[in-house]
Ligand code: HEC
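Heads up, the chain below is alone and in the form predicted on its own; it's given as structure tokens.
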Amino acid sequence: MKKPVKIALYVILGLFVVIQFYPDGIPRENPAVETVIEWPDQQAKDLFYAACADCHSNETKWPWYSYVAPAKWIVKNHVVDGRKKFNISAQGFGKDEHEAGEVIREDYMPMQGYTLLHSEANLNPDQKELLASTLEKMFGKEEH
């Protein structure tokens, strides 16, 4: 291996080690569940917990990579942003709960990056429709 390539690899490795110590400012403990949802359909509930709950509830499962930079920053941002928009565990459910069904139907959710790492979140069209229609029944539907 040529010397410049070797030096570059050592620098990259050193930077990777150093960024592990940069604080991300988010505890991996979940906030308390403030509301308990009464699901009209058990399958829809199971689909939600498989595909949505890690970012849209206070019941996040923090995988090993959520502790390793730079992935920990991406995961943190997705969870914080997801909880703000729609959180089934919080009073008021977030600012965009009425859009939950629509974003599933339009394939914005679950996010592609999430489904790559969580195969259980890959929903087929029938599962998406069941989850979307159930969420619309529960939280309303955005009117255009």
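Source: prediction; values computed, not measured. For every residue, the number given is its place in the sequence shown, counted from 1.
As for the form predicted in complex with this ligand, it is not shown, yet the points below apply to it.
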(message) Considering non-hydrogen atoms and a 4.5 Å limit, does this ligand approach D96 in the predicted bound form?
(response) yes
(request) Answer yes if any heavy atom of A69 is within 4.5 Å of a heavy atom of this ligand in the predicted bound form; otherwise answer no. (result) no
(request) Look up in the predicted bound form whether K85 has a non-hydrogen atom within 4.5 angstroms of this ligand, and give yes or no. (result) yes
(message) So, K45 and this ligand: in the predicted bound form, are they within 4.5 Å at any heavy atom pair?
(response) no
(message) Under the 4.5 Å heavy atom criterion, name the residues of 93 to 108 that approach this ligand in the predicted bound form, in sequence order.
(response) D96, E99, A100, V103, I104, Y108
